[in-house]
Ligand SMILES: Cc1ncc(COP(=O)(O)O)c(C=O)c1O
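Before any questions on how it binds or moves, here is one chain, the form predicted alone, in structure tokens.
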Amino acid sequence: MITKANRLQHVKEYYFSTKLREVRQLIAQGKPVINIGIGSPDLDPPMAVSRALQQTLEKNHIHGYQSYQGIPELRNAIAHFYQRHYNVTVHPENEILPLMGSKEGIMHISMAFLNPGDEVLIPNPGYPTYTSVTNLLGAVPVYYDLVEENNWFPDLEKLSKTNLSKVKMMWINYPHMPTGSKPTKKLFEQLIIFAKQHQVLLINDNPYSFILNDTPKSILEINGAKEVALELNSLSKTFNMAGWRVGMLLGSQEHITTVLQVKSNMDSGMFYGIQQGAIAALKSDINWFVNVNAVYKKRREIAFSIAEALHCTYDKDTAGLFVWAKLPKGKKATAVTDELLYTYNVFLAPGTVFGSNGEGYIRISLCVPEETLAQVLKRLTK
């Protein structure tokens, strides 16, 4: 028998991969399961995106390998997007690296900078992929606490008193997933100071900044940020293009070049037509964000009612595609979500998927129509 690699000893199959397989099996058995657990947008991208792809397909000589760095027009579009919406200046030639989704970027960044034994600061709760990739590379996850009482911000003063001598990278994710906590300029300033003091590479994973948020922010807005920070972004949530797999990494030329050393050995660039669709998306005017958020606001009101039906509390001033709801005292997250799945045929995510500090919380997705959310509410209030 061929044994699997040692690096998989501390890596499990992604929770949503296994759970969605179970959900599909229940549906196949005739169970009317409603899935409000994942953040895959159900809305369509801007019409200009599909048109750009269609028009591209009619051209000749567009089916070959593409540049590892993306076509210049895409990098220019990303630069203009950042200037327009974040007031951040980045050079399209050497400070932007298009990616096949930001999840790819998490792996490429980690491969570019981490050696076995290096420590990585990871938020708890936070995106599970940060931990998985760290373990795959033989680095060491070091979790820092995020708690509701501190607005789900890191306690940098407390963190500075710990032994950070082996820490090489720190993952942050604002607006935060799963809690929806929005960043402040002061938070980003403090994080940059922290990173410089402790010689840590800081990466902000920023796919949710336009969802239910009137004040999108980038960590690269902060003076001197490029010295110690990178930012990941994505078209998946902002423009409903999750399946297109278009992301981007921004930062200093030195850091981008280092990541490109990995990426250029792992893929051959995204399809030309997808890049043209991405350019069209990035050129969308402000009405796009207004209209999409109008839909999500209506959905969120029903999600709030679902949380209330479960006797949960929640923060209304959050961003992103989810409602993060606190269960009544003494309730365990997986026990509640299992009861919802097996008794009410409703799947949503327990907070513990995102770390131990997610215990006592559940996450409700806004990526289903109002009618579907209303159906969930009806099941819970019969």
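Note that residue numbering follows the sequence shown and begins at 1. Quick caveat, the model's predicted, so the values are computed rather than measured.
Only in words, not in the display: the form predicted in complex with the ligand, which the text now covers.
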Quiz item: So which stretch, 254 to 262, 190 to 198, 149 to 157, 231 to 239, is the one near the ligand in the predicted complex (non-hydrogen atoms, 4.5 Å)?
Solution: 231 to 239
Practice problem: Find the only residue in Ile96, Ile306, Met270, Met177 having a heavy atom within 4.5 Å of the ligand in the predicted complex. | Solution: Met177
Quiz item: in the predicted complex, which of the listed residues (Lys283, His85, Lys168, Arg245) lies with a heavy atom within 4.5 Å of the ligand?
Solution: Arg245
Quiz item: Hey, in the predicted complex, is Pro125 touching the ligand, heavy atoms inside 4.5 Å?
Solution: no
Quiz prompt | Partner proximity in the predicted complex: Gly101 to the ligand, non-hydrogen atom cutoff 4.5 Å | solution = yes
Quiz item: Taking heavy atoms and a 4.5 Å cut-off, does Pro207 contact the ligand in the predicted complex?
Solution: yes
Exercise. Answer yes if any heavy atom of Gln275 is within 4.5 Å of a heavy atom of the ligand in the predicted complex; otherwise answer no.
Key: no
